[in-house]
Each structure stands twice: as structure tokens, then as C-alpha cells.
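Shown here is one chain on its own, the form predicted alone, set out as C-alpha cells.
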């Protein structure tokens, strides 16, 4: 079996981030894939749109994937390093791999995940860095709310 095409998977998460941005939300997208590349669920940060502090991109994708017998052979692909809340989701359900578009704008729990046996891949994607970085510069108060900073 050939290795997963992380860039193609990231494109799905980036598309979700763009949709969130177009809706007036925080441009963070995610997708959950099976190891063979099958898309299980995709989502985006909907905190602003739904007035729901738990509606992060990873949780949205996870919910849309529905119940899985096991998550060990799944990949959570996200445009940004997962926050502690989403890192907890990865650990709780044993998601085997996290692929992130970037960790320049936010350094979440990916080191902790790696230390607990999760494969972590940081693509350092320029588009992800620019899209969120520009948004943070324009909306610092909403960003600080999203990451739990006063």
C-alpha cells in the first residue's frame, strides 16, 4: 500500500477552512480519513457561526464521520496544530495520525500527542499559515476567545 497523500488530504481541510472564512467564521478546517485515504468526515470551526464554543474544526469533522469501530487507523487532517481540546479528542479515541497544515500561528498539543505515540506530521503549508495569520491580525479578540486567552 502506498503512503497516504497528505497534501491531497490537506486540500479537503483547506476547502473547509475557506468555507468557514466565507461564512464569517474562523478559517480552520479538518477532515478525518481512513488509512487507505477514504474520507470519513469533514468539518470546520463553527464557533462564530453557531455560537458554540465546542464547534472546533476537528470536532466537527469527527462528528460528521459518525461512529467508527476503531480510530487507530484513522488520520485527523487539520489546517492548524490541534488545541488541547482537540488533542484530547485524538487521545480519547486513539486516532493514530494527525496531519497539520501548520503550527506557526498556534502551537497546540501536538508535542504531547507525539509523546503519547500519535504520529504527527507538520506540513508547514504556506497557504494555511497566511490564511489564518491574516485572519488573526484582523480579529485578535475572537482569536483569543477561540484559544482561551484573555
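Numbering follows the first chain given and starts at 1. Keep in mind that what you see is a predicted model, and the values were worked out from it rather than measured.
Quick note: we don't show the form predicted in complex with another copy of the chain, though the next part is all about it.
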State the residue from 41, 96, 88, 37 whose non-hydrogen atoms include one within 4.5 Å of another copy of the chain in the predicted complex. 88
Taking heavy atoms only, is residue 47 within 4.5 angstroms of another copy of the chain in the predicted complex? yes
Is residue 7 near another copy of the chain? Define near as a heavy atom within 4.5 Å, in the predicted complex. no
Residue 53 near another copy of the chain in the predicted complex, any heavy atom under 4.5 Å? yes
Is residue 19 close to another copy of the chain in the predicted complex, meaning a heavy atom pair under 4.5 Å apart or at it? no
Who in 59-98 is close to another copy of the chain in the predicted complex, meaning a heavy atom within 4.5 Å? 59, 62, 63, 66, 67, 68, 69, 70, 71, 72, 83, 84, 85, 88, 89, 91, 92, 93
